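Just the one chain here, the form predicted on its own, laid out as structure tokens.
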């Protein structure tokens, strides 16, 4: 455990030195919140609605944080370490590559939680958002959404032949889902054609699930989202592990 803590501390320092992951996980979502909050305020999403703009924006931006760590930071870190043969060097020591990979996953998950907590705190302080869901239901949805995005990112790493191809896949998947899933703007503003495409994206279901959890909706109302994200986690993790085991670590 002491060895793992030391490794996590090292990986945490490396994460904070990487501008992209640090900025887009911890700073950018808050900037988005302030930007759209200054435009719309925390007004009802439509006349007479109980839900307000910032009440639905915070859980959506939370998925943005998950996407940054799960689809960008973690897979690119894994690919970079493999290409530079960092895992090979650690595998020749008592530490082993499994401990390094586990620490990288843990640190990215930890920074996901930190980013979401900062986002919620900003929403509470600046716009007095209402969170009607229970702590347990929000945690379940958060963990499942994180598992789905992390497993998808792991699969992209396993598919990519090198850092450049992995980089391309991650950027492509992340930005397509970021703008078409409702993570940046409400999907109710999308035309019908875009909505059909949006329904095919995993991040869309994560956004719907998180917004439902924050609004206090029962998880039984989101069986489809739970099923899709759960299946995505299992399939991507299994396929990714199979492909990753065939990669040349030398």
Partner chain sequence: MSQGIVQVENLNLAYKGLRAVQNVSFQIKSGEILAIIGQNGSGKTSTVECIEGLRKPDSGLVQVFGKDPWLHRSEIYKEMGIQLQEVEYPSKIRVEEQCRLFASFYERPADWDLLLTQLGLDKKRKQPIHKLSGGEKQRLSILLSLMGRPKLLVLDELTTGLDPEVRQNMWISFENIRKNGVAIIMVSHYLDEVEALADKILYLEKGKQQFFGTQQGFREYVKSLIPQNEWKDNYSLEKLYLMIAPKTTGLTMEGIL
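Keep in mind it's a predicted model, so treat the numbers as computed, not measured. Residue numbers count along the first chain shown, from 1.
Below, we refer to the form predicted together with its partner chain, which is not included among the displayed structures.
Shown here without its partner, the chain carries 130, 187 and 190, none of which come within 4.5 Å of its partner chain in the predicted bound form through any heavy atom. Between the options 176, 121, 113, 86, the residue in contact with its partner chain in the predicted bound form by a heavy atom within 4.5 angstroms is 86. Shown alone, this chain has one stretch from 21-29, 5-13, 223-231, 236-244 that lies within 4.5 Å of its partner chain in the predicted bound form by heavy atoms: 5-13. Its partner chain is not shown here, and in the predicted bound form it never comes within 4.5 Å of any heavy atom of residue 101.
At least one heavy atom of residue 95 is located within 4.5 Å of its partner chain in the predicted bound form. At the 4.5 Å threshold, heavy atoms of residue 90 reach its partner chain in the predicted bound form.
Interface residues of 111-149, taken as those with a heavy atom within 4.5 Å of its partner chain in the predicted bound form (partner not displayed), are absent.
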